[in-house]
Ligand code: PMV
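Next comes just one chain, in structure tokens: the form predicted on its own.
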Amino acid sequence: MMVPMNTTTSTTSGERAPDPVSVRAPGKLYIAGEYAVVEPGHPAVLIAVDRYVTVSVSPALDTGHITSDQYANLSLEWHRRGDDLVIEPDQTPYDFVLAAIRVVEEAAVALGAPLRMFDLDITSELDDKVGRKFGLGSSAAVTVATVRALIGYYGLDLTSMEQLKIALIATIEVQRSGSGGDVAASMFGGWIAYTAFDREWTRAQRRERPIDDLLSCEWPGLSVRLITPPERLRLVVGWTGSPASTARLVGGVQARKGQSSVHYNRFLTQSGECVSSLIEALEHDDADGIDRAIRRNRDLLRTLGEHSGITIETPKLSALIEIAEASGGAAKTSGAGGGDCGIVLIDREADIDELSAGWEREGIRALDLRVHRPDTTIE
């Protein structure tokens, strides 16, 4: 049940302004279940990683500002017309941030919390020094960080699942094809098992239900739970240096899934079985079972790519995987593929110098990433 917490009042009333709030959200990587997870109820395994987007919110007077270190020359100004947030002109690339602000403020109004002016500043570690993204879920992380920062700023008492739902609503108001797994990983941290909500149901309910009712009800298909990380295996991540468009790749498969040659329903069934076996192996620290599931998921994704005509495993990703396999690891693409990252699970005692050298020869960069531990319970 959502209830407003005690909050300080607006500066326009002459009382003390709310304290500044700063929240960071981790990036993510998919371990298994890509493409299938966009269908409601189909499972995937993800992790949160220790690269972050930080959102800081501080009081403002008549005009608020949104700034980001990624867009140093673009400072967005906004003001209020009644309870509406008004931007003149409506500017990108802050679509996810603006959607998150609007949904949080809708919840705040429903809870009787007064709306306020604020400045919002964003800093990101999810790209390299020249601005190329690593494929770690920057849109999800900035959405989660914005939602959590503003919930703190407005003093709203929301469960972690209600906060997740706010972030998911914000994302589907910007894009149509996302599963929300990246949002859940950024929200909860650690290793998670995730199944996607029914996006069309949520959009329909959004039109019919007040926000507080929608946040408190059960969502068809949506589930998140923390799972046990492997004790005997370490994660190694390689970046191809080629950013990929998840929306384009997933949209391409979705556009072709009705074709009999794609065998989409068979893929969904086999992916579900594979991910379920991976979760069971993780829970029992069964290194051999984990390796088998990772390799099986790679095969399923390659076959999906071949049948749909979508390049999921690029030549560089194939090189990343084959070098890792030659060193004794189990490897696959991470996320939609088409570039970005590949992941390897390998014995903690294994010498990975040869793996790293092989990647370097192929122009593949090993990313110094660790799992961001869970910092909130799922409730």
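This one's a predicted model, so the numbers in the text were calculated from it and none came from an experiment. Throughout, we count residues from 1 along the sequence that is shown.
A second form of this protein, the form predicted together with the ligand, is not displayed here; the remarks below concern that form.
Of the candidate stretches 61-69, 335-343, 316-324, 47-55, only 335-343 has residues with heavy atoms within 4.5 Å of the ligand in the model of the complex. Only one of the listed residues (L150, L278, A170, V250) places a non-hydrogen atom within 4.5 angstroms of the ligand in the model of the complex, and that residue is V250. The ligand is not drawn, but in the model of the complex it has a heavy atom within 4.5 Å of G178. By the criterion of a heavy atom within 4.5 Å, T246 is counted among the residues contacting the ligand in the model of the complex. When contacts are judged by a 4.5 Å heavy atom cut-off, V38 counts as touching the ligand in the model of the complex. When the ligand is considered in the model of the complex, G135 lines it closely, a heavy atom lying within 4.5 Å.
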